[in-house]
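Take a look at this single chain in structure tokens; it is the form predicted alone.
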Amino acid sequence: MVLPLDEAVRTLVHDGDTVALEGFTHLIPVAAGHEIIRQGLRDLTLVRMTPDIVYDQLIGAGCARKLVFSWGGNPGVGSLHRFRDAVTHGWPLPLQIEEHSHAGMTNRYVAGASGLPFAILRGYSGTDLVGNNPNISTVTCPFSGQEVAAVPAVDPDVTVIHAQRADRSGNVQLWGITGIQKEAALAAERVLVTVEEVVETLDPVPGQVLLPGRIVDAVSVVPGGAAPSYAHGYYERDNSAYKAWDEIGRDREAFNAWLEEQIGAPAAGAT
């Protein structure tokens, strides 16, 4: 259950998988994303409601063939330049994109967690997403006759999240600003959780989310594993890292230098 991160990624994440690395504002599984890059995984479909710089890094390293998302950017700074380069210039590889609304992605995860094939919601009406995304459709309510939007469930092969704590049985505890981590984990075939620490007892915390060990395939102890995002109660957000990424991500050569020096991964593509 408790495995080193490199072993956990090697065991649970495979080429061609649909992978969700979820976290909202904080508890973003950055270290796990870097290990995926380091292991040279390819042809991944990356899913996340709010892909930020770790997805920019995964895309720039050539790990992804498709991104399914509802917003993407370097929060508080600007664009994701490796993402933009992949979409507009196919560097280092062409990237397919599938865009949804936040509400649509949330409902897709909930449907996956509930074992349902699709979700319905009052949304998308009047948006440009309708007609441009084949995974947005409509159904008619059999009771009222009302037409509502329908989107397929998200069922990742692997969901990866970061949390504050786990116990030795693999039960996971996270708190603070949480996003869709619980539903993303419940929807997945396999679940990897990186944590700040493993403890003997998970003492209750206000607003906590608890994931039972029965749905968690591996826990890896990675102190600081969410940096440069933050882990509530452990460390703060490193705003300077997000600002610095804007310059690194803009330039292919600077990005390749980052890959080699900071990740220990080979340069991507041809500059």
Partner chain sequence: MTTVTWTSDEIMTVTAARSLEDHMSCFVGIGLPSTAANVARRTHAPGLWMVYESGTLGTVPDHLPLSIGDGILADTADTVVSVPEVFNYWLQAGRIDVGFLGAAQIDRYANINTTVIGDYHSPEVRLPGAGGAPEIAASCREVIVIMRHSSRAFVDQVDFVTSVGHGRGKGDRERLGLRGAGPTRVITDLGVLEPDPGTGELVLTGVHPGVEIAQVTEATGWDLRTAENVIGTPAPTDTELSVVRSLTGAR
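Positions refer to the first chain, counted from 1. Everything numeric in this text was worked out from a predicted model, so none of it was measured.
Below: the form predicted in complex with the partner chain, not depicted.
**Student:** For this chain shown on its own, do 16, 45 and 254 all sit within 4.5 Å of the partner chain in the predicted bound form, going by heavy atoms?
**Tutor:** Result no, not one residue of the spot touches the partner chain.
**Student:** 49, 53, 36, 219: which sits within 4.5 Å of the partner chain in the predicted bound form by any heavy atom?
**Tutor:** In short, 49.
**Student:** Pick from 237 to 245, 36 to 44, 56 to 64, 219 to 227: which stretch has a heavy atom within 4.5 Å of the partner chain in the predicted bound form?
**Tutor:** In the other structure, the partner sits against 237 to 245.
**Student:** Determine whether any heavy atom of residue 180 comes within 4.5 Å of a heavy atom of the partner chain in the predicted bound form, and answer yes or no.
**Tutor:** Although the partner chain is absent here, residue 180 would touch it in the predicted bound form, with heavy atoms inside 4.5 Å.
**Student:** Give a yes/no on whether residue 176 approaches the partner chain to within 4.5 Å in the predicted bound form, heavy atoms considered.
**Tutor:** Close contact exists here: in the predicted bound form, residue 176 approaches the partner chain to within 4.5 Å, heavy atoms only.
**Student:** Even though the partner isn't displayed, in the predicted bound form is residue 201 close enough to the partner chain, meaning a heavy atom within 4.5 Å?
**Tutor:** Residue 201: no contact with the partner chain in the predicted bound form.
**Student:** So in the predicted bound form, is the partner chain close enough to residue 75 to count as touching (4.5 Å, heavy atoms)?
**Tutor:** Within the cut-off, so yes.
**Student:** Pull the contact list for 110 to 130: residues with a heavy atom within 4.5 Å of the partner chain in the predicted bound form, in sequence order.
**Tutor:** Sequence-ordered list: 110, 113, 114, 115, 116, 121, 122, 123, 124, 125, 126, 127, 128, 129.
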